[in-house]
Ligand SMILES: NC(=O)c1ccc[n+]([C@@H]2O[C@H](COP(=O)([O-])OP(=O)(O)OC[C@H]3O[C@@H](n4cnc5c(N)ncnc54)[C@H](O)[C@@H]3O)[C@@H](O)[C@H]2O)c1
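For reference, the chain that follows is the form predicted alone, supplied as C-alpha cells.
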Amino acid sequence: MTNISSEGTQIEIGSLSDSSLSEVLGLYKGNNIIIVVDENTHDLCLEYLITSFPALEKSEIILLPNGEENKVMEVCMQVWNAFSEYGFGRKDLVLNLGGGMVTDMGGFLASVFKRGMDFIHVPTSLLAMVDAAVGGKNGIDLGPYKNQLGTIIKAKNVFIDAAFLQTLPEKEFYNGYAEMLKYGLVYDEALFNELSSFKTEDDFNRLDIIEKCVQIKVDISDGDLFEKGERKLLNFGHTFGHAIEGFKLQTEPISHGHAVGIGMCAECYVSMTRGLLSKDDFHKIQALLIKTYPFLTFTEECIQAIISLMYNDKKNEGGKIFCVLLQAIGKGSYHNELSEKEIREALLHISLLSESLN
C-alpha cells in the first residue's frame, strides 16, 4: 500500500482490502453513507464494495445516468431533491464509486449540498485514478461548455485500487492515457518516454506509473490549489480539447481523452510554429498521438464553432483565449495568449493529418 499525503486528502494506492477504508467508514457510524454510482459501476463494482465492507450494507445508492451529456444541473437537482427526501445532513458521507464523471459530479453534489458534506472517492477508471479524483476539482457542464459550474473542495480520502481496471473496456484505458501523457509532456520527460512504449493492457495496470502521475498531480495542485499559476500547466491539451469535446457532444460525442489527445497535438503545433518546441520533438509527440487517437476532419464551419466555444473557456481572461504551450518534452509554459489565426491553422493541420491517414 502506497500512501500519498495531499493537503486535506489522504490518497492510498493498493488493494482496497489493505486500505484504511473500514476505519474511515467507521468515523461515520450513526450517520448515513450515500454511494454515488453510474450504470456501469452499479453493475460491475458496487456488489464487490458492499460485500467487502459491512459498514456499507445499509447505504443509500444514488444512480447517475451514463454519459457526459448527463453531467448537468438537471440531474444534480434530481439528486439533491433525493438527498432532501432521504433527510441527509452535512454530517453524512458521500462515497463516489466511478470514473471521472462520477467523481467530478459526486464531488460537486456533496460539496454544495447544505454547504458541504464530506466525500471520498473510489475511482474505477484510469482517467479518474490518475487525474479526476485527485486535486479537489468538482464540476458539471453547462450546455456544450465543459466544467463551467463547480467547486474546488478536496475529497477527504481517495482509494485507488487497480483491480477496478479489470472492469474497463480497452478504449477506456486510452481515455486515461491522454492525461498521463500530459503529465509527461509538461513536467517529466522520462515519464513521457516510458509511456511512449505502452502497447498492452498490462502496461496500463502498472501501479508505479499510476503513482508517478498521482504524485505529479499532488505536487502541482497542492502548491496552487486555485490555479493562479503552475497548476495551469495541467490544462495542457484542454483548451483545444474541451472545445472539440463540447463541439462533438452535439453530434457524435467523443471521449474526453480522445479530445485531449487531439488538443495536445494542436497545442504542440502552435508551440512548434512559434519556435518554442523543436520540430524533432513535435514530430515525436505527433507520431505517438496519431498512432493512439483517431484524428478528426474539421470544415471551416466546424472550426468557427470550435473557436466560439473556446471564447467561453473558463481559463480565459479579458475576453482572450489562453493555453499551455511546450518548450520541450517535459517543460510546459502556461498563460500563452492564442490568436484566432493560430487556432485555425492548428485545426487545419489536424484536418490535413486526418485526411492523409484515411
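Keep in mind it's a predicted model, so treat the numbers as computed, not measured. From 1 onward, residues are counted along the sequence shown.
Keep in mind the form predicted in complex with this ligand is missing from the figure; the text below concerns it.
Work out which of L44, L27, A328, I61 lies within 4.5 Å of this ligand in the predicted complex, going by heavy atoms.
Selected residue: L44.
Heavy atom within 4.5 Å of this ligand in the predicted complex: which of L185, A243, L127, A110 fits that? Just give me the one.
Looking at the other structure, the residue within range turns out to be L127.
In the predicted complex, do T239, C268 and H349 all reach within 4.5 Å of this ligand through at least one heavy atom apiece?
No, the candidate spot makes no contact with this ligand.
In the predicted complex, does T167 come within 4.5 Å of this ligand, counting heavy atoms only?
Yes, contact at 4.5 Å.
Taking 4.5 angstroms as the cut-off for heavy atoms, does E68 touch this ligand in the predicted complex?
Residue-level check for E68: yes, a contact with this ligand.
Even though this ligand is not shown here, does E211 get within 4.5 Å of it in the predicted complex, heavy atoms only?
So E211 does not count as contacting this ligand.
Just checking whether V102 would be counted as a contact of this ligand in the predicted complex - the rule being heavy atoms within 4.5 angstroms.
Heavy-atom contact with this ligand at 4.5 Å: present for V102.
Within 4.5 Å, heavy atoms only, one stretch in 273 to 281, 145 to 153, 203 to 211, 72 to 80 touches this ligand in the predicted complex. Which?
Careful reading of the contacts points to 145 to 153.
Taking only heavy atoms into account, state which residues of 269 to 299 are within 4.5 Å of this ligand in the predicted complex, ordered by sequence.
Going through 269 to 299 in order - heavy atoms within 4.5 Å of this ligand in the predicted complex - there are no hits.
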